[in-house]
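In structure tokens, the next block holds one chain alone, the form predicted on its own.
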């Protein structure tokens, strides 16, 4: 890892280079009162002073809707895979979303190899930037705020200067497009001070170490917190649709009116939707909201920890902010762990 600094005034120059050098550059832009990652054609459209986007940047690695195969059901059966990828840059990614992409890489590239995800990921440049928390953020409870992998470049705002960590050759090529110089110890220490200040800004926290939650969950399968949250839950699925680490999907075959051709499509799906575990003979393995919430909590803090040795919650706060019933994983975790303390 190499560290450099450059004048903050050169940021537009850097973004302009990206737009000229890569077919697609996605960055945070305002959308009403919120922010979204969208394709940019002008450096002035980018807004780095945001807390979180509505949807995570994973949508450019695993799209909400994706055609997998086009097929023809005539005498000559034909199946044509649909995968078109090009070089792309995702700019302005927060630390939690960088960690989320790294977790998805472990699932989609190492465990259950997904050719479409792999093709997009290998053609994607990740440029991160630091941020500050709000009342829904709890990254500090589940991850180290100092991100050291999963990106090509990572930028820290130091005021008039930008400190940049360069992790790949592609990142080095990008930083060479503008005037820069090696970062001295002074700037590295200033970054540490900024991180320490950010840690003190969090107001939402899990009361125990998150990696101890699997132990806390022992014997809590029928804990009343599940029913309590189940009564509040509308099963709308917003929490899973905005989650940066959810990767479940459904696959459908959509036929043309002629019934001679069609497209196999996959689209985001998830465990909080009422029919997610509905099977052919009518059985639903999680037919109530309490069971679905319990499953989601175990999936974020136990199941994946058992398999990947990683918590699959980044503390981004998207699910909490978007939930119409204000259900949040911090409250559940603290309700379960408080009994252990007592």
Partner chain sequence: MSKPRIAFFDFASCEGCQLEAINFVEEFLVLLGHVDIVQFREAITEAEWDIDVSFVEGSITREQDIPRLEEIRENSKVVIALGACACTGGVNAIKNTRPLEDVRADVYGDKKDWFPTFPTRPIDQVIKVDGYIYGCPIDRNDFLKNVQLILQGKKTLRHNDPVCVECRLKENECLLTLGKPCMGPITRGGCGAIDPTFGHPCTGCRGLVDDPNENAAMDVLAENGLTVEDIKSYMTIFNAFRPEDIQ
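Residue numbers count along the first chain shown, from 1. Just so we're clear, the structure is a prediction, and the values are computed from it rather than from any experiment.
Only in words, not in the display: the form predicted together with the partner chain, which the text now covers.
| task | Quick one: from 231, 173, 199, 115, grab the residue that has a heavy atom within 4.5 Å of the partner chain in the predicted bound form. | result | Of the candidates 231, 173, 199, 115, 231 is the one lying within 4.5 Å of the partner chain in the predicted bound form.
| Ok, 212, 188, 236, 195: which has a heavy atom sitting within 4.5 Å of the partner chain in the predicted bound form? | If I apply the 4.5 Å criterion carefully, the residue I get is 236.
| request: From the candidate stretches 176 to 184, 202 to 210, 254 to 262, 141 to 149, select the single one in contact with the partner chain in the predicted bound form, where contact means a heavy atom within 4.5 Å. | output: Residues of 254 to 262 come within 4.5 Å of the partner.
| field | Close approach of residue 287 to the partner chain in the predicted bound form, 4.5 Å, heavy atom | value | Close contact exists here: in the predicted bound form, residue 287 approaches the partner chain to within 4.5 Å, heavy atoms only.
| task | Determine whether any heavy atom of residue 107 comes within 4.5 Å of a heavy atom of the partner chain in the predicted bound form, and answer yes or no. | result | Contact with the partner chain, no.
| said: Is residue 249 near the partner chain? Define near as a heavy atom within 4.5 Å, in the predicted bound form. | reply: No.
| said: If we define contact as a non-hydrogen atom of the residue within 4.5 angstroms of the partner, is residue 69 a contact of the partner chain in the predicted bound form? | reply: Residue 69 lies outside the contact set for the partner chain.
| query | Do all of 51, 102 and 159 end up near the partner chain in the predicted bound form, with near meaning a heavy atom within 4.5 Å? | reply | The answer is no; none of 51, 102 and 159 reaches the partner chain.
| request: May I ask you to list the residues of 46 to 66 that have any heavy atom within 4.5 angstroms of the partner chain in the predicted bound form, in sequence order? | output: Stretch hits, in order: 54, 55, 59, 64, 65.
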